[in-house]
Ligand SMILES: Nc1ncnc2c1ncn2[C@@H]1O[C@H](COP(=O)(O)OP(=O)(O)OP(=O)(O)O)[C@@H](O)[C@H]1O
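Single chain ahead, written as C-alpha coordinates, the form predicted on its own.
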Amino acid sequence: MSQVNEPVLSVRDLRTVIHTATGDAEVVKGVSFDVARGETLALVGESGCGKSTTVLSVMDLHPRPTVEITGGQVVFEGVDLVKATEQQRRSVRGAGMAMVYQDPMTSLNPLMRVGDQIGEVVLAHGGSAEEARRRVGEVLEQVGIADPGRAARAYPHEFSGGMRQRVVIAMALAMRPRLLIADEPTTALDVTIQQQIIALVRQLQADNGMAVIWITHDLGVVARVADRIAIMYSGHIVEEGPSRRVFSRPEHPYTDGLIASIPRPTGSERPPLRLIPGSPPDPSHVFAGCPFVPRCPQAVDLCSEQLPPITERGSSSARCWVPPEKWTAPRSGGVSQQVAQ
(Lines give C-alpha, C1' and ligand atoms only; values in the text may rest on other atoms or scores of the structure.)
Protein backbone atom coordinates (compact mmCIF):
# COMPACT_ATOMS: atom_id res chain seq x y z
CA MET A 1 0.00 0.00 0.00
CA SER A 2 1.16 3.49 -0.74
CA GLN A 3 2.40 6.22 1.53
CA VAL A 4 -0.03 9.16 1.65
CA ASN A 5 1.26 12.45 0.25
CA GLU A 6 -0.34 15.78 -0.61
CA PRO A 7 -3.61 15.35 -2.54
CA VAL A 8 -3.41 15.30 -6.32
CA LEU A 9 -7.19 15.69 -6.35
CA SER A 10 -9.32 17.27 -3.64
CA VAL A 11 -13.11 17.18 -4.03
CA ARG A 12 -15.22 19.26 -1.64
CA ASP A 13 -19.03 19.31 -1.32
CA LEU A 14 -19.55 18.34 -4.97
CA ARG A 15 -23.18 18.52 -6.11
CA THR A 16 -24.57 17.41 -9.47
CA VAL A 17 -28.14 17.70 -10.74
CA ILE A 18 -29.89 15.95 -13.64
CA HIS A 19 -32.58 18.10 -15.28
CA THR A 20 -35.53 16.01 -16.46
CA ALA A 21 -38.98 16.70 -17.88
CA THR A 22 -40.52 15.87 -14.50
CA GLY A 23 -38.11 17.95 -12.42
CA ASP A 24 -34.53 18.10 -11.15
CA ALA A 25 -32.83 15.18 -9.42
CA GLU A 26 -29.70 15.76 -7.34
CA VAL A 27 -27.57 12.65 -7.89
CA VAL A 28 -24.31 13.76 -6.26
CA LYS A 29 -25.04 15.26 -2.85
CA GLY A 30 -22.15 17.02 -1.22
CA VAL A 31 -19.42 14.47 -1.94
CA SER A 32 -15.93 15.14 -0.54
CA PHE A 33 -12.73 13.10 -0.79
CA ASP A 34 -8.97 13.39 -1.47
CA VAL A 35 -6.61 11.23 -3.51
CA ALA A 36 -2.86 11.46 -2.99
CA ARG A 37 -0.01 10.68 -5.35
CA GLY A 38 0.57 6.93 -5.51
CA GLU A 39 -2.64 6.18 -3.60
CA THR A 40 -5.64 4.09 -4.69
CA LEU A 41 -9.08 5.18 -3.52
CA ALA A 42 -11.90 2.71 -4.17
CA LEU A 43 -15.34 4.23 -4.69
CA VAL A 44 -17.78 1.45 -3.77
CA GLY A 45 -21.53 0.91 -3.84
CA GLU A 46 -24.44 -0.68 -5.66
CA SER A 47 -25.41 0.34 -9.18
CA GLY A 48 -27.23 3.66 -9.09
CA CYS A 49 -25.55 5.02 -5.97
CA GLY A 50 -23.72 7.80 -7.82
CA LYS A 51 -20.17 6.45 -8.30
CA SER A 52 -19.84 7.00 -12.05
CA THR A 53 -21.76 10.28 -11.93
CA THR A 54 -19.30 11.55 -9.33
CA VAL A 55 -16.19 10.85 -11.41
CA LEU A 56 -17.83 12.12 -14.60
CA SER A 57 -18.46 15.33 -12.66
CA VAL A 58 -14.78 15.39 -11.67
CA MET A 59 -13.83 15.03 -15.35
CA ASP A 60 -16.68 17.36 -16.44
CA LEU A 61 -17.82 14.85 -19.07
CA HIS A 62 -21.56 15.11 -18.50
CA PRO A 63 -23.88 16.00 -21.39
CA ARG A 64 -24.98 19.60 -21.12
CA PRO A 65 -27.44 21.10 -20.30
CA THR A 66 -29.07 17.86 -19.10
CA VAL A 67 -26.55 17.41 -16.29
CA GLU A 68 -25.13 20.31 -14.30
CA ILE A 69 -22.61 20.72 -11.48
CA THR A 70 -24.41 23.03 -9.06
CA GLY A 71 -21.83 23.41 -6.31
CA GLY A 72 -18.58 22.39 -4.72
CA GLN A 73 -14.92 22.27 -5.70
CA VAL A 74 -12.84 19.89 -7.79
CA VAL A 75 -9.25 20.97 -7.12
CA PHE A 76 -6.69 19.20 -9.29
CA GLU A 77 -3.07 20.16 -8.60
CA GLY A 78 -4.20 23.48 -7.14
CA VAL A 79 -6.71 24.44 -9.85
CA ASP A 80 -10.47 24.39 -9.17
CA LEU A 81 -11.86 22.77 -12.31
CA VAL A 82 -15.44 23.80 -11.47
CA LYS A 83 -14.45 27.46 -11.86
CA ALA A 84 -11.94 26.86 -14.68
CA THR A 85 -12.55 27.73 -18.32
CA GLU A 86 -13.40 25.01 -20.81
CA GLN A 87 -9.94 25.38 -22.34
CA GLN A 88 -8.32 24.81 -18.92
CA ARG A 89 -10.46 21.73 -18.34
CA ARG A 90 -9.60 20.33 -21.78
CA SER A 91 -5.90 20.77 -21.05
CA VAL A 92 -6.30 18.63 -17.91
CA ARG A 93 -8.50 15.87 -19.39
CA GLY A 94 -6.34 13.16 -20.91
CA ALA A 95 -3.10 14.79 -19.75
CA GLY A 96 -3.43 15.48 -16.02
CA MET A 97 -6.22 13.00 -15.38
CA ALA A 98 -7.50 10.21 -17.60
CA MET A 99 -10.31 7.68 -17.46
CA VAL A 100 -10.65 3.98 -18.25
CA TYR A 101 -14.26 3.08 -18.97
CA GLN A 102 -16.18 -0.06 -18.08
CA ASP A 103 -16.81 -1.43 -21.58
CA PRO A 104 -13.77 -1.12 -23.88
CA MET A 105 -15.74 -2.00 -27.00
CA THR A 106 -18.01 1.01 -26.63
CA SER A 107 -15.04 3.19 -25.61
CA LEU A 108 -13.21 2.56 -28.88
CA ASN A 109 -14.19 3.72 -32.36
CA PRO A 110 -14.71 0.54 -34.43
CA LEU A 111 -13.81 2.40 -37.64
CA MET A 112 -10.42 3.68 -36.48
CA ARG A 113 -7.19 1.75 -36.09
CA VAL A 114 -6.03 1.32 -32.51
CA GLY A 115 -2.85 3.33 -33.04
CA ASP A 116 -4.76 6.28 -34.50
CA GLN A 117 -7.07 6.36 -31.49
CA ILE A 118 -4.20 6.37 -29.01
CA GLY A 119 -2.22 8.88 -31.03
CA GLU A 120 -5.23 11.20 -31.19
CA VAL A 121 -4.76 11.88 -27.46
CA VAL A 122 -1.20 13.09 -28.05
CA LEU A 123 -2.23 15.22 -31.03
CA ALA A 124 -5.09 16.79 -29.07
CA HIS A 125 -2.57 18.04 -26.51
CA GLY A 126 -0.23 19.63 -29.03
CA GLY A 127 2.08 16.74 -29.84
CA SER A 128 3.47 16.18 -33.32
CA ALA A 129 2.61 13.24 -35.56
CA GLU A 130 6.06 11.78 -34.91
CA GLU A 131 5.62 12.12 -31.13
CA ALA A 132 2.22 10.45 -31.41
CA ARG A 133 3.63 7.47 -33.35
CA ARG A 134 6.46 7.03 -30.87
CA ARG A 135 4.17 7.28 -27.87
CA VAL A 136 1.70 4.76 -29.33
CA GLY A 137 4.45 2.16 -29.50
CA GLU A 138 5.64 2.97 -25.98
CA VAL A 139 2.27 2.67 -24.27
CA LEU A 140 1.22 -0.46 -26.15
CA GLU A 141 4.44 -2.10 -25.01
CA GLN A 142 3.92 -0.71 -21.50
CA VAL A 143 0.54 -2.43 -21.15
CA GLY A 144 1.98 -5.74 -22.30
CA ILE A 145 0.74 -5.97 -25.89
CA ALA A 146 3.13 -7.99 -28.05
CA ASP A 147 4.28 -6.53 -31.38
CA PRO A 148 3.06 -2.94 -30.76
CA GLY A 149 3.57 -1.97 -34.41
CA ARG A 150 1.22 -4.66 -35.65
CA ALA A 151 -1.27 -3.97 -32.85
CA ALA A 152 -1.36 -0.26 -33.70
CA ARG A 153 -2.52 -1.10 -37.24
CA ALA A 154 -5.35 -3.36 -36.03
CA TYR A 155 -8.99 -2.47 -35.44
CA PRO A 156 -10.71 -2.98 -32.04
CA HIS A 157 -12.74 -6.00 -33.21
CA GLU A 158 -9.49 -7.88 -33.87
CA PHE A 159 -8.70 -7.95 -30.13
CA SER A 160 -10.16 -9.98 -27.29
CA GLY A 161 -11.98 -8.25 -24.43
CA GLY A 162 -8.91 -8.26 -22.21
CA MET A 163 -6.68 -6.91 -24.99
CA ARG A 164 -9.20 -4.16 -25.77
CA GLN A 165 -9.12 -3.17 -22.13
CA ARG A 166 -5.34 -2.94 -22.36
CA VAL A 167 -5.73 -0.67 -25.37
CA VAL A 168 -8.08 1.61 -23.42
CA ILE A 169 -5.56 1.72 -20.56
CA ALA A 170 -2.81 2.53 -23.07
CA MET A 171 -4.93 5.39 -24.40
CA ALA A 172 -5.40 6.71 -20.86
CA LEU A 173 -1.63 6.53 -20.24
CA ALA A 174 -0.64 8.27 -23.46
CA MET A 175 0.01 11.64 -21.79
CA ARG A 176 1.39 10.19 -18.53
CA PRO A 177 -1.49 11.38 -16.30
CA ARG A 178 -1.02 11.97 -12.60
CA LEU A 179 -4.51 10.60 -11.85
CA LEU A 180 -6.14 7.54 -13.43
CA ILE A 181 -9.87 6.97 -12.96
CA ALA A 182 -10.89 3.35 -13.61
CA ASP A 183 -14.67 2.94 -13.89
CA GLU A 184 -15.30 -0.77 -13.24
CA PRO A 185 -12.62 -1.75 -15.77
CA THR A 186 -12.80 -5.48 -14.96
CA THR A 187 -16.58 -5.99 -14.76
CA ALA A 188 -16.97 -7.42 -18.29
CA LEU A 189 -13.90 -9.67 -18.05
CA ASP A 190 -13.45 -13.22 -16.85
CA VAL A 191 -11.61 -13.83 -13.57
CA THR A 192 -8.21 -14.63 -15.12
CA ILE A 193 -8.16 -11.53 -17.33
CA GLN A 194 -9.56 -9.48 -14.45
CA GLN A 195 -6.54 -10.39 -12.33
CA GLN A 196 -4.17 -9.51 -15.18
CA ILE A 197 -5.74 -6.05 -15.54
CA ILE A 198 -5.57 -5.45 -11.78
CA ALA A 199 -1.90 -6.46 -11.74
CA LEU A 200 -1.22 -4.25 -14.77
CA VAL A 201 -2.77 -1.14 -13.21
CA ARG A 202 -0.92 -1.72 -9.93
CA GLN A 203 2.41 -2.12 -11.74
CA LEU A 204 1.84 1.02 -13.84
CA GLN A 205 0.90 2.90 -10.70
CA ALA A 206 4.08 1.77 -8.96
CA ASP A 207 6.20 2.71 -11.99
CA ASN A 208 4.63 6.13 -12.56
CA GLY A 209 3.46 7.18 -9.09
CA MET A 210 -0.09 7.77 -10.33
CA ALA A 211 -3.04 8.34 -8.06
CA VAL A 212 -5.90 5.96 -8.89
CA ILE A 213 -9.65 6.12 -8.29
CA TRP A 214 -11.07 2.63 -8.76
CA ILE A 215 -14.87 2.43 -9.10
CA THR A 216 -16.47 -0.92 -8.41
CA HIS A 217 -19.16 -2.83 -6.56
CA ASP A 218 -16.88 -5.89 -6.22
CA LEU A 219 -15.40 -5.96 -2.72
CA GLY A 220 -13.03 -8.76 -3.72
CA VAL A 221 -11.40 -6.39 -6.20
CA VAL A 222 -11.37 -3.60 -3.60
CA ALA A 223 -9.47 -5.79 -1.15
CA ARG A 224 -6.72 -6.32 -3.73
CA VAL A 225 -6.28 -2.77 -4.99
CA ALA A 226 -7.38 -0.13 -2.47
CA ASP A 227 -5.47 1.87 0.12
CA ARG A 228 -8.65 3.64 1.17
CA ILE A 229 -12.35 2.98 0.58
CA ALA A 230 -15.22 5.45 0.18
CA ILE A 231 -18.67 3.81 0.37
CA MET A 232 -21.40 5.60 -1.61
CA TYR A 233 -25.15 5.39 -1.16
CA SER A 234 -27.83 7.54 -2.82
CA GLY A 235 -25.33 10.22 -3.86
CA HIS A 236 -23.64 10.47 -0.44
CA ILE A 237 -20.37 9.08 0.85
CA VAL A 238 -21.58 7.23 3.95
CA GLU A 239 -18.24 5.81 5.11
CA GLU A 240 -14.57 6.39 4.33
CA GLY A 241 -11.42 4.96 5.80
CA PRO A 242 -8.32 2.81 5.30
CA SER A 243 -9.11 -0.41 3.49
CA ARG A 244 -8.14 -2.75 6.34
CA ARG A 245 -10.11 -0.71 8.87
CA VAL A 246 -13.29 -0.63 6.75
CA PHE A 247 -13.15 -4.40 6.13
CA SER A 248 -12.39 -5.33 9.73
CA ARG A 249 -14.67 -2.84 11.50
CA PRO A 250 -17.38 -1.26 9.34
CA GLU A 251 -18.90 1.87 10.86
CA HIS A 252 -22.06 2.17 8.72
CA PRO A 253 -24.86 -0.44 8.45
CA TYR A 254 -24.71 -0.26 4.64
CA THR A 255 -21.00 -1.10 4.66
CA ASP A 256 -21.71 -3.87 7.13
CA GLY A 257 -24.36 -5.28 4.79
CA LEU A 258 -22.04 -5.20 1.80
CA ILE A 259 -19.34 -7.05 3.72
CA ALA A 260 -21.85 -9.62 4.99
CA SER A 261 -22.69 -10.44 1.36
CA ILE A 262 -19.12 -11.61 0.64
CA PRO A 263 -19.06 -15.42 0.29
CA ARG A 264 -16.71 -17.05 2.81
CA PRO A 265 -14.36 -19.40 0.91
CA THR A 266 -13.67 -21.73 3.84
CA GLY A 267 -15.73 -23.90 6.19
CA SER A 268 -17.77 -27.01 5.54
CA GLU A 269 -21.00 -25.45 6.85
CA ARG A 270 -21.04 -21.96 5.46
CA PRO A 271 -24.05 -19.86 6.54
CA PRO A 272 -26.32 -18.41 3.85
CA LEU A 273 -25.38 -14.96 2.58
CA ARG A 274 -27.06 -12.10 4.36
CA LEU A 275 -28.85 -9.90 1.85
CA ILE A 276 -29.62 -6.18 2.03
CA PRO A 277 -33.39 -6.01 1.46
CA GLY A 278 -34.88 -3.68 -1.14
CA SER A 279 -33.11 -1.53 -3.71
CA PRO A 280 -31.30 1.83 -3.80
CA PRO A 281 -33.80 4.72 -3.86
CA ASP A 282 -34.88 6.74 -6.89
CA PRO A 283 -32.40 9.66 -7.17
CA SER A 284 -35.31 12.10 -7.59
CA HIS A 285 -36.71 11.17 -4.16
CA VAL A 286 -35.77 13.68 -1.46
CA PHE A 287 -35.23 12.31 2.06
CA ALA A 288 -35.47 14.37 5.22
CA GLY A 289 -33.24 11.88 7.01
CA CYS A 290 -30.87 9.10 6.01
CA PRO A 291 -31.77 7.56 2.61
CA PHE A 292 -30.73 4.10 3.85
CA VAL A 293 -33.48 4.02 6.51
CA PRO A 294 -35.94 1.83 4.53
CA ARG A 295 -33.29 -0.90 4.25
CA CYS A 296 -31.42 -0.39 7.52
CA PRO A 297 -31.68 -2.97 10.35
CA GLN A 298 -30.16 -0.51 12.84
CA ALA A 299 -32.39 2.53 12.18
CA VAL A 300 -33.88 4.58 15.02
CA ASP A 301 -36.47 7.38 14.89
CA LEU A 302 -33.85 10.11 14.47
CA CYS A 303 -32.60 8.45 11.27
CA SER A 304 -35.89 9.26 9.50
CA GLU A 305 -35.91 12.87 10.70
CA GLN A 306 -32.45 14.24 10.01
CA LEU A 307 -29.54 13.40 7.71
CA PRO A 308 -26.56 12.45 9.91
CA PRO A 309 -23.33 14.38 9.41
CA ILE A 310 -20.02 12.75 8.64
CA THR A 311 -18.31 12.07 11.97
CA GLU A 312 -14.79 10.89 12.69
CA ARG A 313 -14.53 7.42 14.21
CA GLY A 314 -10.90 6.61 14.79
CA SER A 315 -9.14 6.36 11.43
CA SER A 316 -12.50 6.15 9.61
CA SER A 317 -15.49 8.43 9.23
CA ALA A 318 -19.16 7.57 8.80
CA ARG A 319 -22.54 9.20 8.22
CA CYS A 320 -24.69 7.40 10.80
CA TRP A 321 -26.55 8.35 13.97
CA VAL A 322 -26.09 4.89 15.52
CA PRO A 323 -22.49 3.87 16.32
CA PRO A 324 -21.60 0.16 15.95
CA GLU A 325 -21.50 -0.40 19.70
CA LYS A 326 -25.25 0.40 19.79
CA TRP A 327 -26.28 -1.78 16.86
CA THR A 328 -28.88 -4.37 17.81
CA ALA A 329 -29.35 -6.43 14.62
CA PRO A 330 -26.83 -9.12 13.54
CA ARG A 331 -23.56 -7.75 12.17
CA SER A 332 -21.08 -9.08 9.64
CA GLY A 333 -18.35 -9.04 12.26
CA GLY A 334 -16.01 -7.58 9.64
CA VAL A 335 -13.78 -9.55 7.35
CA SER A 336 -10.07 -9.51 6.67
CA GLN A 337 -8.72 -8.50 3.28
CA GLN A 338 -7.39 -12.03 2.91
CA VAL A 339 -10.92 -13.46 3.27
CA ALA A 340 -12.30 -10.84 0.85
CA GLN A 341 -9.86 -11.97 -1.78
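Being a predicted model, the structure only gives us computed values, none of them experimental. A residue's number is simply how far along the shown sequence it sits, counting from 1.
Missing here is the form predicted in complex with the ligand; even so, the following discussion is about that form.
With the partner omitted here, the stretch from 63 to 71, 303 to 311, 31 to 39, 285 to 293 that lies within 4.5 Å of the ligand by heavy atoms in the model of the complex is 63 to 71. Taking non-hydrogen atoms only, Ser316 never approaches the ligand to within 4.5 angstroms in the model of the complex. The shortest heavy atom separation between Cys49 and the ligand in the model of the complex is within 4.5 Å. By the criterion of a heavy atom within 4.5 Å, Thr328 is excluded from the residues contacting the ligand in the model of the complex. Contact between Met59 and the ligand in the model of the complex is not found at the 4.5 Å heavy atom cutoff. Interface residues of 11 to 28, taken as those with a heavy atom within 4.5 Å of the ligand in the model of the complex (partner not displayed): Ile18, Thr20, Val27, in sequence order.
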